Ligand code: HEC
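A single chain comes next, written as structure tokens; it is the form predicted alone.
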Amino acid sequence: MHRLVLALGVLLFLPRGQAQSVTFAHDIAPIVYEHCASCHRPGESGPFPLLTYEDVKKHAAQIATVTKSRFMPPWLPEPGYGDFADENRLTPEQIRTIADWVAQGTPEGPESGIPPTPKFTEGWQLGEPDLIVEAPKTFTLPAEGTDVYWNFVLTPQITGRRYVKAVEVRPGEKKIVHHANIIIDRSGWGHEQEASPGAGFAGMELTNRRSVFDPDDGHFLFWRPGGAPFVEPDGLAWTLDPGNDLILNTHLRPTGKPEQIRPTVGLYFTDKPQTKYPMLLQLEHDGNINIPPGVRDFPISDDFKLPLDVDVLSVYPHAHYLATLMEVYATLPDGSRKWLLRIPNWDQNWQSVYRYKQPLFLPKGSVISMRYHYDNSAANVRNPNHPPKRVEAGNHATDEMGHFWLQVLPREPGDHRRELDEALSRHTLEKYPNDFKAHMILSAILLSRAKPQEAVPVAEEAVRIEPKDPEAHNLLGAVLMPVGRIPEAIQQYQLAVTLRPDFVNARFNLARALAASGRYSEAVAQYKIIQAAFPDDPEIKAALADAESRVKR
């Protein structure tokens, strides 16, 4: 009896704050299954599985270390600065529980109390896709060296317009492919970058060419290991037309032996057409990135004023190895601040798209501010240069970038992407007055919004910047026509086809301008050149017949 009382006394007088008993069954398994197992299982990117007690016990000390430092699970945004879906962040209590379990010798607890091992969908996560597209050729990843960014150009074989509600990437070995983006290419730009058909091409971040008259597609098509495919809500599916390509931009990591990479992409269609038109807005100031060696805090900033009411659906921050702190917020018209994102310790290896749980409303006149900071000193453990050297903006891993993309959906019904595109182009020209692309886009938008008088000087500036660009001369001709300057428009179209004889659109515009000025014989000659390339095109046939009839009068 005396011994029993003594034992109870020990229990009653445990030091205040000493940890209670923690077991795998009751405390650790629920944390690991929810936050770790999606990647730490066979066939996924984690270097070892974490599905059983023995799995977790074997790596217990390592797990305690990486969770305490918040290196794992990899979730960069700071809480309280944006409410994101699929947040994979441990609470302080969960981190402390893991540490206590390790300190107590990793007890298993009753085997019957271990929750069921999570079940994961094997193969295609959304079921069999409506269309599977495979990369034309295999890419061989070298055994050694730095990370590789490789682009595969895939062409879906479809016969008519389709609406895509979801896309899933199957990159192959997930320990090799760190993440991937899909870019919709409607211009054939991707194939032009290939040394041979189907070979693909290198490049970290792409500036895809698009027609100056075509708005941005407005969707993040992002894949990372362990992530689930995102299904677009009704009305937000994106369009895919015959001849469109998908550029799969992949981040690959050498493994010590040559690896064969040939990814496939699954497309899921819907019969519900697009009725809502999101747009991707980009804040950036790469033009200011010129970081001397040794500088501990190099800031860049950008501020964009919204021309209309929008809902922000998701965001995608991007920088390379020198970036440290990222802050993005909106200052509302009433002067209040609304945070979009804050990342106190950026790590390019874990970049991702972040979708808000609920759309984030920003009224017209809100100013979105991006504030990025870079550390180019030897103290930055991620600095790729030893010793540090000057770093400027560029498309290589050892260069730098500072981008923040927002997927926004205008509140008003209809398609308002051109209003946003106009504001973005004007903003770009404030930063970079000689930006050729911004002049082209702004001029085209002004023309499409029935403002040709305003479009003319912008297009003229584009020609001044790139006097040998056929697209610029064609656009200048197009904005000169509606203001009645037809002879000058003809000169611009002639310059365009001289610079690029196979430029069908410019030649067609030239023929129409010649006909509008009564020069029907010359118009007929131009239409016949076009018809030789497109003998069955009904619009060309009709235009040629009309011009020929006028010649005979």
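In this text, residue numbers run from 1 along the sequence as written. From a predicted model like this one, the values you see are computed outputs, not experimental measurements.
Omitted from view is the form predicted together with this ligand, to which the following refers.
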Discussion item. Although the partner isn't part of this model, could you tell me whether Ala489 comes within 4.5 Å of this ligand in the predicted complex, counting any heavy atom of the residue?
Written reply: no
Fill in: Interface membership of Phe298, this ligand in the predicted complex, 4.5 Å heavy atom rule
no
Worksheet item: Does this ligand get within 4.5 angstroms of any non-hydrogen atom of Ala516 in the predicted complex?
Response: no
Practice prompt. Examine Trp350 and determine whether its closest non-hydrogen atom to this ligand in the predicted complex is within 4.5 angstroms.
Written response: yes
Worksheet entry | Site test, His219, Trp238 and Asn244 vs this ligand in the predicted complex, non-hydrogen atom cutoff 4.5 Å | no
Worksheet item: Though this ligand is not shown, can you say which of Gly172, Pro254, Gly109, Pro225 has a heavy atom within 4.5 Å of it in the predicted complex?
Response: Pro225
Worksheet item: Looking at Met72, Ala99, Ile465, Leu267, which is the one with a non-hydrogen atom within 4.5 Å of this ligand in the predicted complex?
Response: Met72
Response to the item:
Only one of 497-505, 480-488, 34-42, 520-528 sits within 4.5 Å of this ligand in the predicted complex by heavy atom distance, namely 34-42
Practice prompt. Select from 48-81 the residues with a non-hydrogen atom within 4.5 Å of this ligand in the predicted complex and write them out in sequence order.
Written response: Phe48, Leu50, Gln62, Ile63, Val66, Thr67, Phe71, Met72, Pro73, Pro74
